[in-house]
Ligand SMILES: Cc1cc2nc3c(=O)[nH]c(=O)nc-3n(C[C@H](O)[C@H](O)[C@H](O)COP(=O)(O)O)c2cc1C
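One chain is shown next in structure tokens, namely the form predicted alone.
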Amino acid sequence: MQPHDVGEDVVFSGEFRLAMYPTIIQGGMGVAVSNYRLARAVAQAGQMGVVSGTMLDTVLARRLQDGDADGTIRRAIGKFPVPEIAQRILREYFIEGGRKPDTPYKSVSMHSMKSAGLLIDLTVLANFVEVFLAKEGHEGLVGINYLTKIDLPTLPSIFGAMLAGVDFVLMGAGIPRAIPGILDRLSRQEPTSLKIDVEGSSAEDCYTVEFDPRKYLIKQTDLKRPKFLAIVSSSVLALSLAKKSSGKVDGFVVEHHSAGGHNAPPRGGVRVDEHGEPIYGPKDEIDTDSFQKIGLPFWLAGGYGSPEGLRKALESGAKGIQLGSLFAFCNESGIEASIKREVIEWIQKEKPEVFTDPAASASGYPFKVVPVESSLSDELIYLNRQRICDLGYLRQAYKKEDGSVGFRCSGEPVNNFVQKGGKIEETCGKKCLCNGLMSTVGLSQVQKDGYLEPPLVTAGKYIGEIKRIVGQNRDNYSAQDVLNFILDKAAHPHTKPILTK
């Protein structure tokens, strides 16, 4: 790799020359699709690797129950600065040789307004482990991605990532105005709180979760404060975050509705076309001129995963692009190998069509679904699955008659949801993203009746670009292949790889 002039956006670390603001941000795809292997591969190549912070407590617990065959997870746990907590988690979840395939995973408690101490410790440790492994063996940049909507585990999650030296925190699916100030306080190891969105609460109500990092007795007095990138879809929200957040916002990932995973709802309300997909209009397009006027770095996401897309983004004033779908099916991602092969073969044979499902997610946001065989995208499989809410990350907090907080999920059994005050129409078409996404990365729960939870696969509308990487004959590709494809000098000769050594 050859060095190049990247202006003021350069920092030096030993023999390494790093871009403080990389050209490519690898998307933080959950659950465990953007795992430490993928993030490390991208960071080693001189761009920003990102791990998904979604449901990491359950991910760690299940990896340990599957035996951690090569010892990687336990090695990272051994680096956690509070050995007593590390040993407690190992005693609770590790199974030598791994559980039997037909044996259910031991459950992890659901987060609440006052989560159990074991769950908090597990959450801190899980985020530490994922970031530690992603950063191991190189001096590249590593970020972690969270969903604002999943707010109960946010504080211990961020703290665990900071203990491992995470460089960036990225957050979308909501308005993360409180996060920059939380990063400031956690870097000083000060007690902090986060206001929780409680349905039915009044202006006088204030429901918060609390976290005190002093419990962990970390010898280091100050932790590195990671940079904060908000994931947004409009310049109006970006400007509001830049001006009114609790601390410094360092930039934005500007996500178009063609991106995979959760999308922002169309402005003006959700209306659907003849195929049942939300109708997006001119107001939902990205106005790059408005983002330039804000004066903070921004990256474009959703439909920019090509050499031409990168060139277009750079010409519009963006620092670069964030891309997820091309990385999602590469060798290093967490998706099951059989699913990767099926998707690649599908892309090679026909023009892939990804469905934007307005009802699938209990979050209320539209969600992209890939038609994979034997997955929840199959109507018969969806209808035959018995509803259960045993992970609960997308539950909505609501105010009960006595003023206390309850939780309900529109993907749980319909009667349960209605008994908690939910509207029956909100349950229509809801898929269990929590269990489905766990199954996609090979961590399928075996329910009590022996039912194996089916996967749910997501990707962006432009997933077909993968064919330009693999052609007609290859059935796999690497993260480096993605970077080589995107950083095509013929497409944008002014962008060159960053000197990493």
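Keep in mind the model is a prediction, meaning the values are calculated, not measured. From 1 onward, residues are counted along the sequence shown.
What comes next is about the form predicted in complex with the ligand, which does not appear here.
The stretch in contact with the ligand in the predicted bound form, judged by heavy atoms within 4.5 Å, is 23-31, chosen from 23-31, 446-454, 63-71, 466-474. Distance criterion of 4.5 Å from any heavy atom to the ligand in the predicted bound form singles out Ala328 from the list Val142, Leu229, Val124, Ala328.
Heavy atoms of Leu147 reach within 4.5 Å of the ligand in the predicted bound form, making it an interface residue. Proximity of Gly261 to the ligand in the predicted bound form: non-hydrogen atoms within 4.5 Å are present. Shown alone here, Gly49 lies farther than 4.5 Å from the ligand in the predicted bound form, counting heavy atoms only.
Residue contact check for Ile158: none of its heavy atoms lie within 4.5 Å of the ligand in the predicted bound form.
Looking at 318-353, the residues that come within 4.5 Å of the ligand in the predicted bound form, counting any heavy atom, are Gln322, Leu323, Gly324, Ser325, Ala328.
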